[in-house]
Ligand SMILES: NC(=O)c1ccc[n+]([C@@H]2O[C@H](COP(=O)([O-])OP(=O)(O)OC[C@H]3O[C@@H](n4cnc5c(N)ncnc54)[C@H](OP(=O)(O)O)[C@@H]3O)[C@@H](O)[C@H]2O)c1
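Before any questions on how it binds or moves, here is one chain, the form predicted on its own, in structure tokens.
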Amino acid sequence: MSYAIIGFGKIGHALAKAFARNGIEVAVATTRAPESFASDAAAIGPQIIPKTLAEAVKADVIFLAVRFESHPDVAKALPTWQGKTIIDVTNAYGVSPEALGGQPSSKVVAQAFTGGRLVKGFNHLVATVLDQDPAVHGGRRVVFLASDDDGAAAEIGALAENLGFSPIKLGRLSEGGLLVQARGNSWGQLIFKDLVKFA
């Protein structure tokens, strides 16, 4: 299984650190040339591999850690996302419900990534918290996952555990997904909740 993080801002850095902590290789990419952020990647660890967007999207599992408004540009990188799992880490804060067609923001993202399996996750924690070791006081930091594809949710749940987190599945995008999404000037009820699960 190969992994990539698209977007290398604060959230992208935090995700990369989680991979590095666990010795798991991951590609990182932005719309810029890999040389422009190679030293940043190297500073995190040798498992963090800078790539072009075109190279990074060849991965099996892709973390979408860009601004919500940028997701259509990433989606254009491939004609079909068949066989790939996309983890939607975006937050559509400031995007009106009308602009989203009244749908959860993750549904809008899922429609852009034709053929892909989408899981909403890793987006409810601020970067400074996501950046920390998820092992806390003998427990593990919770990440929420929502998806219309149970197989994809299980796959990303297993990855979350490998990264040291405790995944909690919230059900489908139109139900649980609403609890961890932003739209307009509102945040879902579980956004920013820093929870730790014991055993």
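All values derive from a computational prediction rather than experimental measurement. Position 1 is the first residue in the sequence shown; the rest follow in order.
If you look for the form predicted together with the named molecule, you will not find it shown, but the lines that follow are about it.
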> If we take heavy atoms and a 4.5 Å cut-off, which stretch out of 140-148, 154-162, 31-39, 168-176 is in contact with the named molecule in the predicted complex?
Replying inline: 31-39
>> With the distance limit set at 4.5 angstroms and only heavy atoms considered, check whether 53, 68 and 73 all reach the named molecule in the predicted complex.
In response: yes
> Does residue 184 reach the named molecule in the predicted complex if we count a contact as any heavy atom within 4.5 Å?
Replying inline: no
>> Although the partner isn't part of this model, could you tell me whether residue 125 comes within 4.5 Å of the named molecule in the predicted complex, counting any heavy atom of the residue?
In response: yes
>> Can you tell me if residue 105 lies within 4.5 angstroms of the named molecule in the predicted complex, counting non-hydrogen atoms only?
In response: no
>> in the predicted complex, is there a heavy atom of the named molecule that lies within 4.5 Å of any heavy atom of residue 90, even though the partner is absent here?
In response: yes
> Are there residues in 1-39 with a heavy atom within 4.5 Å of the named molecule in the predicted complex, and which are they, in order?
Replying inline: 6, 7, 8, 9, 10, 11, 12, 29, 30, 31, 32
